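Form predicted alone, single chain, as structure tokens, below.
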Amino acid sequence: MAFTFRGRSIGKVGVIGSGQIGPDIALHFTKSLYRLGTQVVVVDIAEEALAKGKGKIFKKIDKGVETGAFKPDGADAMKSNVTFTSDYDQLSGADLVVEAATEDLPLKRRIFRQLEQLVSPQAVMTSNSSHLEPERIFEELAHKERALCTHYFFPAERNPAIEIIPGKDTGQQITDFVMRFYEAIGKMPFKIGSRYGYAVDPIFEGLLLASIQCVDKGLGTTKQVDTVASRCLGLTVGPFTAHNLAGGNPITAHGLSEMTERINPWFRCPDRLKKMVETGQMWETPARKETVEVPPDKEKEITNELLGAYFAMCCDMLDAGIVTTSDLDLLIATALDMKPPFSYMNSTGLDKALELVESFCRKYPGMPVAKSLKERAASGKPWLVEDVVCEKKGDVAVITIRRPKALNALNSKVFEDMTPYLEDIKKDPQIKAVVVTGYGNKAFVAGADIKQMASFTKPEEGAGFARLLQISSSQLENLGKPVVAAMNGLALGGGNELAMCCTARVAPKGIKLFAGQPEVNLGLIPGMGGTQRLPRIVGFEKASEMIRTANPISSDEAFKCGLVNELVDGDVLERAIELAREIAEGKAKPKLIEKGPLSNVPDSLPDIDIGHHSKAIDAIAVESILTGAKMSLDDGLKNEARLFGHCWTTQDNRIGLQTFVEKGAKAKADFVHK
């Protein structure tokens, strides 16, 4: 057995290095791939390091059993799936190898020279470097086209962020494969341009430098600066605590020293950090739940200093051209668990952000004031931070809804971000078709913004909201070009409704919890077309069952009832792109949705057990299904929006939405059927 993905079989994964991060990388691989039979081999020349690495992985797996994250038999399988060895020949036949050795260029080059002789020319080779450019690491390889850097973040088995850094010789197909592979196994990959330190480490290490500068200037102790940094940057732990936890002082000291020449003169290794590395000491940081007092005037100075440094470094990344605002915003928020920089500047005000940066750069002339920040502040427009990204794959445009923390749930901003792309696609003669998908491996789109709906008090607010979403989502249906939904995971509520606006839908095989219309759980009916398109696609009986009971269906059921057109083993996106192109070329002709009144509308819907759900809301749902089916699709949608708003005239609507807000999605509302 092996994990087959995009035409590649991953039967063996190698991890070189059993030190600080290698075991955690191996743990992520075995957690993600053990069920598929993919072996994981950890190689290190030091037996002591191998023993420690094995103990580290096993301890974390055992902890997962204690917390209920893993079942005992799964934990045993994960453990048996990992081999620890000092024999490099065990990497023979590996399809993917991640080198996670010490950040030492000659050492890395020696490892890859040896590795290239062991693996096939088709194998992917990556270096988990935190700083070194791929061009330097892989300079001596004969097959540079299949090598690139992958930078994990602490803790590697749980932190979803990963930087993907192709070199100038890396093949585009290899880069595409690695990006999609990591997304498929639960990571959030970000493609970053080749520059020393990549996108995150100069910021992570630079914040430690800025914090040390505050201490050196007498603005506070390490405890105080750590406390203020946590507050002003939204960090779970401050820079000093983070370096203690990750053992990061030595690598940060080296990185800051190199950045002086490779990025700008502000970066340097301060004497205080050099001393900590020489002595092996830890920073003095706040104890758990310790209250650290900071005088208000000092807190303000520290805050301004840290924000000036943070904003300056992030804008410098834009000037370097290695990352976009949207990518860096999400990457920093995920990798470092802190306030996303460009969203933060937008909320602070760009004039204020520029003022903080200029003040910082006057104190430290080695740091330039970024051209991008000056231009953006002068424009009077906020930074563009999108929840939707678009990429051209030849003559097919791929639109990805990217709100991973919300499982890609829809809100008004998603449609605001998507609309310009659709307008451009409509006008672009080179784009023949479109694919819409969700980011990650968990969800296509897991619904809509319920908290926004919970704030409504009047029927017309609900009706207006539904109509706005209907019009926005109908842009896909009326684009004039084929649109295929690559339903990569959960599709609930508005997510399923968005997919039904597409020409065709593709889903993975074997997903037990896949698609559904759970609105009645909230004292609502579907409002983005669910009561109109679902009967037209799967028939009245199945649509009635899904809408009135809120019971989700599996991907296999979705295929059987016609909700999805194809089930796929492997990469759903790849097949969706192929299908979109086939439809555009006339090679595939999926059944299109009926846009006129339906001729087979029953007088009533079958009796059904609606369980605890509201009878009052059920009556509205039935009315929407039956009356709308006798109308054109456009009129049926307007009728659905009106009836969606009518839910706000019921007590059960308030009960359902309030229960969700106060108790969460799994809580059952105590409906009174009024």
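Quantities reported herein were computed from a predicted structural model and do not represent experimental measurements. Residues carry their position along the shown sequence, with the first being 1.
There is another form of the same protein, the form predicted together with a small molecule; it is not shown, and what comes next is about it.
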> Which one of V178, M188, L273, L407 is close to the small molecule in the predicted bound form, taking close to mean a heavy atom within 4.5 Å?
Replying inline: L407
> Quick one: of L331, L492, I137, A558, which gets a non-hydrogen atom within 4.5 angstroms of the small molecule in the predicted bound form?
Replying inline: L492
> What stretch, of 516-524, 255-263, 169-177, 362-370, brings heavy atoms to within 4.5 Å of the small molecule in the predicted bound form?
Replying inline: 516-524
> Do K451 and the small molecule share at least one heavy atom pair within 4.5 Å in the predicted bound form?
Replying inline: yes
>> Although the partner isn't part of this model, could you tell me whether V568 comes within 4.5 Å of the small molecule in the predicted bound form, counting any heavy atom of the residue?
In response: no
> Using heavy atoms and a 4.5 Å limit, would one call L96 a contact residue for the small molecule in the predicted bound form?
Replying inline: no
> Is M528 close to the small molecule in the predicted bound form, meaning a heavy atom pair under 4.5 Å apart or at it?
Replying inline: yes
